[in-house]
Structure formats: C-alpha cells, structure tokens
Ligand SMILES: Cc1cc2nc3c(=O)[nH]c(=O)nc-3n(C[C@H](O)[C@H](O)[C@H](O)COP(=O)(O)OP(=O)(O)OC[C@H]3O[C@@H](n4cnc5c(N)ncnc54)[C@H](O)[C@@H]3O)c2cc1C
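First, one chain by itself: the form predicted alone, in structure tokens.
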Amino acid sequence: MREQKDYDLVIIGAGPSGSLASHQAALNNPELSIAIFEEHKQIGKPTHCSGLVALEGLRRLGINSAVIRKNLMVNEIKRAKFFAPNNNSFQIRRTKDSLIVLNRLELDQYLAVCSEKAGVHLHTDHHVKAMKFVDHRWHLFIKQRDHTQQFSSQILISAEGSRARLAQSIGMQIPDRNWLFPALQYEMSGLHDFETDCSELFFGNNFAPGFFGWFIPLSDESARIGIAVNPECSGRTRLYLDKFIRKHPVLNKRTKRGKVMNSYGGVVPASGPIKKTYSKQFFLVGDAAGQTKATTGGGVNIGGYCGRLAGKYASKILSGDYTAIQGCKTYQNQWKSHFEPDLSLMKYIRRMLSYLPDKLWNDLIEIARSTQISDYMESTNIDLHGRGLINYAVNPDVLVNGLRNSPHLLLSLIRGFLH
C-alpha cells in the first residue's frame, strides 16, 4: 500500500510527549489524519531514562492503574535517602504518593500502541532531516533507510528531545546546552545489602561533579546505578561512574560481586522552561520545551501532560474551533500556568546546587537532617516540588540554622539566582 504523504497533523518523536499528543488529538477528532515520525527503528530504544516517576503523575496522564502495576512497574519506592560527600544522610518517606520504577521501553511502546489503536499512523526509522513552512503547510524532508521523502502537514508538534535541532533550525529558542548534563547508567545484578523500597542519591564533586549519582533498586539483587556530571566533564562520564561504583564507601561493598547487564546514556535536561513554545502552526513539547524538573532532570509526567495539551489544541485548530495563533497561545498559557512557576524555581535551585563545593554539601545535608526536611517534603507533589523546597528554605528555623552553620549557603543561593 502506498505511503500517505500529506497529513493534518504530524508529531516528531514517539516518546511519551509525542505519543500522548497524537493520542489526544485522535481522541478529540477521529476524522483527522495524524502521523508520528520516529527516527529509531524500535520505539523506546535506546533508553535514556532512570525510570523513577511519581505514580500519581502517571495516573493523571490517563494510564490505567492496573496497566501500570501489571505491565509498566518494575518496583515501588517508598523512601529516598540523600547522602552528603562525608556520607551523612537524611531520609524522606512518602506517606501519600509513592514513586515507581518504570520499564521505560514498555511505557513508550504502550503509549505508541494506544496511539495506533486510535488511528494514528506510526512511522519508525523515519528521521526528519529538515523542514520548512510554505503556503500554510509544514513540509518535512525525511530520511528512511537510504532515501529521502517529502511529507507535509498543516500542524506540527515537535517532541524531538532536549537538543531540539529542528526547532533551532526555524529560529526558535531551545534549551541551554550548558545545562544538559551528560549521564550514564548501568543495570546491575548480583548486588546485596540494600533496601528494595529505598532509592538513594549521592552528592559530591568527587563522584558526580555538578549533579549527583543514584541507586534505584529493581529487585532484591538488582538496581540501576548512574550519574550525571557537569557538561565540562563530558567524555569522562564512564570514568566517573566506574569510580563511583568501585570506590564510594556505600556502594563498593554491595556491588563487589555485581555484574553489568545493561548500559545506557544520554543527557539530563536541567535548563528550565523556555520562553516561547510555539510558532506558526507549530507546538514544542517535552524536553525540547524545557518541560522538565531541573533539580532531577525528570520530565515524563510533566512533558506527557503538556503533550496532551498540545494534541488537544492542535485538534481544535484543525476542527475550526480556534485559529492557529489562538490554539498555540492557549496551549502555552495553559501549560505555563500549570507548571512554569515550579519549573523556574527548580531551575534556580539547580543553578545553586551545581556550584556547591563539597563542604557546603555536607553543611546542607546536615541542616536538612537537623531541621526535619522530611516533615515538609513527605506530602509535597513530587513533580512540582519547587515551591515545597523554597517554602522549606525560608522557614525561620531553617534560615537561622542555616546561617548559623553555613553562611556561605546564602551566597550560593544568591549566585544561583543571578547565574
């Protein structure tokens, strides 16, 4: 059967944001011709994600709880422990919304299948090389194996990822590449002496300069262990990760008989939200729009929610309910009103934390432990924790304790807001 060349709506990228955008548009108007173009041969590969997400956030994306627990969830996390460079730590227990460890490959494939069932045309191994806007339509030049084809679409949604090459090619602002942190993660088996319901984060410039390392249990003998590092350390990420596993006093014993089963890398996006996320009949969603938490780099739930908004308003434009500019502006206004305040706060927090020397990390962890940060954060929305952290930081007890123990932390906070 001859491949269709012209569509009402095209989505670039079949990650969660792209698939949810296409699915929402198809549900809103089943008469639309919609396509997703994914550059990789298999949906969900290669994997770039630690897979730790808030369970309630996934539910808000419309994913059935039974599907999550039966098909997508690898493990459930009830606690998080934070380690300073000197190995002092504090713990936060989740009393309401738990975290789950995802099989990210299964999530991406499940969402893509949902889109196909709704009537969306899914094209894998189709790499969009260039695009241009002519006569009120987007024209896409797409490489598929060894030849290039041209497709067109009235509306375009880009979910291409944090490097946002195509968005940049049409003059849009893209995430600041100075805040895209190189990351690498191993899945290891043969581990011992850890708690399966507790994820762990490790701070300090000796092992993960500029960001942090993580240990995310998968079972009673396996885990995902990874780090992200300052972009200045690009090219040495694997050296830092191997050092982290071999020499960190918390990890070296539990990983001594461990075996690496899988290895995957990418970048952790921590640039914060970009100013404008639309152009002519064009929506930008997910990592490409900076719809991620700069504190952790997570963006599945927020980017997925924004993808659904983009699909909703793209379908309204195509159905004649909105003009193109009205639909695009409404999309931006809605996602920014939901998320931008917290995402911007997390951006400033990240800028502060990435410059902390180890001594201040030790001070910060001690202040958090002694001022009972867990009381503030245990019921905070995991996906929108920026305001929770700021409310904790400006609590009088925390301010007094912090200034008494480490006045340099205040200077680091100011530096973060000015950088």
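The first residue of the shown sequence is 1; numbering continues from there. Everything quoted here is computed from the prediction, not taken from an experiment.
What comes next is about the form predicted together with the ligand, which is not displayed.
Asker: Quick one: which of 64-72, 346-354, 32-40, 360-368 gets within 4.5 Å of the ligand in the predicted bound form, going by heavy atoms?
Answerer: Selected stretch: 32-40.
Asker: Honest question, do 85, 210 and 253 all end up within 4.5 Å of the ligand in the predicted bound form by heavy atom distance?
Answerer: Not one of the three qualifies.
Asker: Residue 160 near the ligand in the predicted bound form, any heavy atom under 4.5 Å?
Answerer: Residue 160 belongs to the contact set for the ligand.
Asker: So in the predicted bound form, does residue 48 come within 4.5 Å of the ligand, heavy atom to heavy atom?
Answerer: Yes, residue 48 is a contact residue.
Asker: Are any of the heavy atoms in residue 292 no more than 4.5 Å from a heavy atom of the ligand in the predicted bound form?
Answerer: Yes, residue 292 sits close enough to the ligand in the predicted bound form that at least one of its heavy atoms falls within 4.5 Å.
Asker: I'd like to know if residue 94 sits close to the ligand in the predicted bound form, meaning any non-hydrogen atom pair within 4.5 angstroms.
Answerer: Result no; residue 94 lies far from the ligand in the predicted bound form.
Asker: Identify which of 120, 241, 167, 300 has a heavy atom within 4.5 Å of the ligand in the predicted bound form; exactly one of them does.
Answerer: The option sitting close enough to the partner is 300.
Asker: Please tell me which of 214, 339, 151, 278 lies within 4.5 Å of the ligand in the predicted bound form, judged by heavy atoms.
Answerer: It is 214.
Asker: Using a 4.5 Å cut-off on any heavy atom, which residues of 236-267 would contact the ligand in the predicted bound form?
Answerer: Read in sequence order, the residues that approach the ligand (within 4.5 Å, in the predicted bound form) are 266, 267.
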